[in-house]
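Form predicted alone, single chain, as structure tokens, below.
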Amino acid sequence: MSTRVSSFHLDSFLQNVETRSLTAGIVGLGYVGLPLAQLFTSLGFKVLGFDIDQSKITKLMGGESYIGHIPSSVIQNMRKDDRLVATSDFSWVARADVLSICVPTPLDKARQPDLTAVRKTAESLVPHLRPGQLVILESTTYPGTTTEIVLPILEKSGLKIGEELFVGYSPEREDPANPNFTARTIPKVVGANDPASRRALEAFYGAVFDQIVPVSSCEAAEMSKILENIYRCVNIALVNELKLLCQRMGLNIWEIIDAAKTKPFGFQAFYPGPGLGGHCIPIDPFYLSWKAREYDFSTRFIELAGEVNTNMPYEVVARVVDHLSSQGIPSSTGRLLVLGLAYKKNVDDCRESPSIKILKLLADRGFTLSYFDPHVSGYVSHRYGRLPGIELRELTDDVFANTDATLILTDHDAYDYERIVRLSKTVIDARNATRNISADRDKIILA
């Protein structure tokens, strides 16, 4: 009997995928969920978007975007013929055939995994689930989350996993402002723990992405995402540590990296910075280290990389303090212009941005601060509250004249670096953004 039920629900799901007649639900309409909704609608799927933030719902239903790299015109196009409907009413979950969970997985104050959003989302789905649906966790997390946390919650619906309800994991690989890849062209890793769920997951995302990469289980898919980000974390930590050594040796780390990357094999360039930002790379090492302790295993190499990167904001602040002190300017009277709040260039995303940490540290030192980011306006940090200092609407000549140094923390293309160097008394450049500026090189300090 169960085999026939499983076959009926799976066959019906696969047919709906083939005819593009299913409705895709996305829970969490942030930097991951909203681009996914854009992709789904572009391929002819109707989308139900769920979020507990009513302001997001209101903006989307009004055709307005709240993410910088997605114009409002795109949202308006998605809203045509109600291809996208956004709601905070989870009773609508029953209307979706697929439910992609794209909610935050941060660290708590003790730097341990905080899966509150994942748990609450799964619990919110349970009363409204029905046979034949596919639930996909997309949030970055440690191996075992889907199996150990999500599945037991979904089983409370009374539906049999792999027969009446299909469940899988597929990590997001969003890279905002990267012109070389679209959401559809980035290969999509997919994993599930039973054959029916695996087939449903592969069929749906196979119809969405140019290439899918099936793996054997949810745990394998979860670990693949952790590996991707820890790979970057470790290599960035390496060049960050080398940067500090090169500063003591009087060498330019960026010059050295540029020389090393001319080797046509066996080397991939990574670059130092003021610290790691974004939702994944600063967090994932701690997720895996926490999980590894369950197996009596110490991830010493990974933890060291996390420590090096976490310490970089403090190194930048020390560089600023040392330079101004050498000019006879104490922190109590120093005036700084900080350029860049976003964690990376050309985006408006401030999650885990080292700029936020650095602003707080500089304020604690007594500096008078002003800051400007062309992509970010009115940002309020969840961790620190309203940021210290004055948020500028434009960079006038007077702004530079009234500050002792300009600190570049995010290398947005929108900045006029020649003007910044020309008007600043000193430029402390944590991103090597001024590398192509030939005039006034004596003003520039690489941090």
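It should be emphasised that the depicted structure is a prediction, and the values quoted were computed from it without experimental measurement. Don't overthink the numbering: it's just position in the shown sequence, from 1.
The protein also exists as the form predicted in complex with a small molecule; that form is not presented, and the subsequent description refers to it.
**Q** Quick one: is D284 in contact with the small molecule in the model of the complex, heavy atoms, 4.5 Å cut-off?
**A** The answer is yes: D284 has a heavy atom within 4.5 Å of the small molecule.
**Q** Contact between F90 and the small molecule in the model of the complex at 4.5 Å, heavy atoms?
**A** Looking in the model of the complex, residue contacts with the small molecule include F90, since a heavy atom lies within 4.5 Å.
**Q** Within 4.5 Å, heavy atoms only: does T105 come near the small molecule in the model of the complex?
**A** Residue-level check for T105: yes, a contact with the small molecule.
**Q** Does the 4.5 Å heavy atom contact test between A117 and the small molecule in the model of the complex come out positive?
**A** Contact with the small molecule, yes.
**Q** Based on heavy atom distances of at most 4.5 Å to the small molecule in the model of the complex, which listed stretch, 268-276, 243-251, 153-161, 166-174, is the contact stretch?
**A** Going through the listed ranges, the match is 166-174.
**Q** Quick one: from L392, L39, I52, I70, grab the residue that has a heavy atom within 4.5 Å of the small molecule in the model of the complex.
**A** Checked against the cut-off, the match is I52.
**Q** Which residue, K188, K357, R319, R351, is the contact with the small molecule in the model of the complex, using a 4.5 Å heavy atom cutoff?
**A** When the small molecule is considered in the model of the complex, the option within 4.5 Å is R351.
**Q** All three of L29, V32 and K56 touching the small molecule in the model of the complex at 4.5 Å, heavy atom to heavy atom?
**A** Yes.
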